[in-house]
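One chain comes next, on its own, written out as structure tokens in the form predicted alone.
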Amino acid sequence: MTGPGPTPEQERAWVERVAGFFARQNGLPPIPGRALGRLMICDPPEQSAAELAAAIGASRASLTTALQVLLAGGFVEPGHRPGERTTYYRLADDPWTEVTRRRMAALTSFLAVTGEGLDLLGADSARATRIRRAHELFGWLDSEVGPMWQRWDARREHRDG
């Protein structure tokens, strides 16, 4: 048995850590990060906008904007309970895999741009050195990403049965 669980203060502190992480890594304002952190630990897992706003100390307007960011990013999903008009939000089933796949694809897609730069300047020219370094890195990432995702998918399938 793990005990009674975290205190509300411990939960708020952790939610702030999530918000800080997303602010540093993604340049997000704190409210989307707080909403995401709250949706990661709340019980029940579905929360209305009013419940989320109260839990993280946000205005409804700023929370609405935050939810739009999280919805567009694929982190949260909206839903309804039978017989209710209120929209409830929950963490998507596996946002981390899909968001990471998109980020990695975005990184490796720069390979085409660096290839064009090498063609423009001449791959062996001194001017192309900086582009060549980027092209080599993104080419290596591109070659590694496919096998990495295959290993991840096999691991998830084994875990999930």
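Take the two forms, superpose them, and find the largest set of C-alpha atoms that agree within 1.5 Å; that set is the rigid core. Worth saying up front: this structure is predicted, and the values here are computed from it rather than measured. When you see a residue number, it is the position in the sequence shown, counting from 1.
Keep in mind the form predicted together with a further copy of the same chain is missing from the figure; the text below concerns it.
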Query - Listed residue (Met40, Leu28, Val69, Ala49) with a non-hydrogen atom within 4.5 angstroms of a further copy of the same chain in the predicted bound form - result: Met40
Query raised in the report: Heavy atoms within 4.5 Å of a further copy of the same chain in the predicted bound form: does Asp124 have any?
Result: no
Requested in this report: With heavy atoms only and a cut-off of 4.5 Å, decide whether Ile131 touches a further copy of the same chain in the predicted bound form.
Outcome: yes
Query raised in the report: Leu91: heavy atom within 4.5 Å of a further copy of the same chain in the predicted bound form?
Result: yes
Query raised in the report: Any of the heavy atoms of Ser62 lying within 4.5 Å of a further copy of the same chain in the predicted bound form?
Result: no
Query raised in the report: Though the partner is not shown here, which residues of 89-110 have a heavy atom within 4.5 Å of a further copy of the same chain in the predicted bound form?
Result: Leu91, Asp93, Asp94, Trp96, Thr97, Thr100, Arg103, Met104, Ala106, Leu107, Ser109, Phe110
Query raised in the report: Can a Cα shift of no less than 2 Å be assigned to Ile131 between this form and the one not shown, given superposition on the rigid core?
Result: yes
